[in-house]
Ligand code: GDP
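First, one chain by itself: the form predicted alone, in structure tokens.
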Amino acid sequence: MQDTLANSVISGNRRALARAITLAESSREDHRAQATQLLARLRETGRQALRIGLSGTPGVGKSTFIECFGLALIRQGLRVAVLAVDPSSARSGGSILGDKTRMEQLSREPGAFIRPSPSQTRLGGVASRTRDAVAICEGAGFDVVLIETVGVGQSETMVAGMADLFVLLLAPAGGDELQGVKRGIMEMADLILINKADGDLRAAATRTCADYTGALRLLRKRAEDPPGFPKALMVSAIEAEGIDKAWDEMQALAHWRREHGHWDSRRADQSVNWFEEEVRNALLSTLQANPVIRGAMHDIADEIRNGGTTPNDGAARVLGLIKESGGIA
């Protein structure tokens, strides 16, 4: 069955692609096993896409930029997949998943695929199975995979661990925005794009771009950066200005990293991170599935809530119980 689904994905069947991602996002044990087989089959194709992570401050126009950028890539004959992560409610667990409606033009293009996924209150700006979704889109033959995070923040740097390039979108005339965007995400950004650089905001965008250019010089210099990177540029998604320039810079950076051996080492590091995260998730799922440990955690949680013990002591007791049961050597 997985071979049939894999072959449909490889042939570019969009419904099969959507089913494959749904399978990968499932937490059911049998579905996880099927997804593992599917990913192994797709990996045999050897297909790779340029993975671009995108984050940005609220209201910066991420969806508008992605639509404009995606349409520009499609006009060049490229196939584009967009994996958009929507925030989940901490109370209900639900998500609006409205990115597809905000990219109406792009969603109608046969060369584009847009998949919104709930973050499920997960930190990092990405969904729990975003890596799987990226691999599936690569197996389907997409040339570029855009990973849109929930929104800017310190935890958004996780997307940099699964992307070849990390692009940060910011708005002009942000006031204290330079202070608000913390060092962590600034150090991870390969390209900062000042969006909405049009109309009355053009002059403000020029000043903001200069501010970030100076900040980048102070914050980061890595061996995998060619001269001039990271850099800040101005774009206008509404007027489609600066989009081609931004794409040229992304290609130049990707090409430089390939030529100097940083591309393969970066992908290898990402695979190791993926492996470690899979182990962590599997361990947590195994513990939660154990009725004895789950019951003990529930009882200890009640003790902590009533002031009978401390979180540190409670955690030590659970770990001791796991060791006694042979769960940890």
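All residue numbers are counted from 1 along the displayed sequence. Keep in mind that this is a model prediction, so the values were computed, not measured.
The following text describes the form predicted together with the ligand, which does not appear among the structures shown.
Distance criterion of 4.5 Å from any heavy atom to the ligand in the model of the complex singles out T57 from the list T45, N290, T57, Q37. Between the options D198, D211, E187, E224, the residue in contact with the ligand in the model of the complex by a heavy atom within 4.5 angstroms is D198. None of 234-242, 158-166, 104-112, 252-260 except one has non-hydrogen atoms within 4.5 angstroms of the ligand in the model of the complex; the exception is 234-242. Taking non-hydrogen atoms only, R51 never approaches the ligand to within 4.5 angstroms in the model of the complex. Contact between G70 and the ligand in the model of the complex is not found at the 4.5 Å heavy atom cutoff. Heavy atoms of N281 never reach within 4.5 Å of the ligand in the model of the complex, leaving it off the interface.
Remark: S26 does not count among the residues lining the ligand in the model of the complex, judged by a heavy atom distance of 4.5 Å or less. For the partner-free chain shown, V60, G61, K62, S63, T64 of 60-81 come within 4.5 angstroms of the ligand in the model of the complex, judged by any non-hydrogen atom.
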